[in-house]
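Only one chain is shown below, in structure tokens, and it's the form predicted on its own.
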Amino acid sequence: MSAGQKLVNLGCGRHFHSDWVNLDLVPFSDEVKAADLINGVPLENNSADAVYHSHVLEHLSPQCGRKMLGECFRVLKPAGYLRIAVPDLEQIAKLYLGKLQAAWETPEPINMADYSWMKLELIDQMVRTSSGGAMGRAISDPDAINKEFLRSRLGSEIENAQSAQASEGRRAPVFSKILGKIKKKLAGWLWGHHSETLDEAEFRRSGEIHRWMYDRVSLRELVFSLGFSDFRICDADESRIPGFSGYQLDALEGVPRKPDSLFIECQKPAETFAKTEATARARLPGEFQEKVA
């Protein structure tokens, strides 16, 4: 970390760096502090030089997501940077439409497989009722004919997902499986056909599903409405945070860790007063205008 810099990684999961303040609901390491971001970011006002979170925002409702971004604004120093990575709804939608057209015109197996995957990528993580959902089953299929396309969408995360599924299967002891079946049967006796609804409600509270999706327009409007300015779309290894690429949070040796992502950065205004959205819009950088044109 640069001397005197406080860099904060929210909802870091397994991807963090020891030079950062790493926060997550369930810490994976001693270098990660426990924090429920729904209740706020446990840092002082104007204390962080940069705040970063990757694939966290989409797991919150729009209301909770707005609250968390407001907390990011609060803890950032004036002129501090917020960096966000989320699944890119625009990119997913465009690929879905392209694969749909290809499958319609030439319904050969590879086109149908790519189309089926993009349909899953668009909706599965919002509607699934069990861990991993249909995407998890597709990723773990050893006979998938579109493995290269899946890798282009998931990057190194495909190995992580497959490894997690395999280890989960190995870890589950017989006693736990039996206990789970007993609990399910008891719920059926007590609640009848409502037990399935209760199971689904419990899963949806687990934090795995996507509660919202973002594109460059909706994310820009959201951060501007909270007082941020200087919105920019970035590459995975491009950042105004000093030395960011060296931490290898979004890219490993220049290769995006999650290729399906939209990477953006914005800035808390250097002035001590909060800017209005109109003022922030007036300062929209020219390079961003070029990128969206």
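Everything numeric in this text was worked out from a predicted model, so none of it was measured. Don't overthink the numbering: it's just position in the shown sequence, from 1.
The form predicted in complex with a small molecule exists for this protein as well; it is not shown, and the discussion that follows is about that form.
Student: Any of the heavy atoms of Lys268 lying within 4.5 Å of the small molecule in the model of the complex?
Tutor: Heavy-atom contact with the small molecule at 4.5 Å: absent for Lys268.
Student: Does the small molecule come within 4.5 Å of any heavy atom of Ala48 in the model of the complex?
Tutor: Judged by the heavy-atom cut-off of 4.5 Å, Ala48 is well away from the small molecule in the model of the complex.
Student: Using a 4.5 angstroms cut-off on non-hydrogen atoms, would Asp235 count as touching the small molecule in the model of the complex?
Tutor: Taking the distances in the model of the complex, the answer for Asp235 is no, it never comes within 4.5 Å of the small molecule.
Student: Given that the partner is absent here, does Gly98 sit within 4.5 Å of the small molecule in the model of the complex, heavy atoms only?
Tutor: No.
Student: Taking the small molecule in the model of the complex as the reference, which of Val56, Leu226, Ala251, Ile241 has a non-hydrogen atom within 4.5 Å?
Tutor: For this set of options, the contacting one is Val56.
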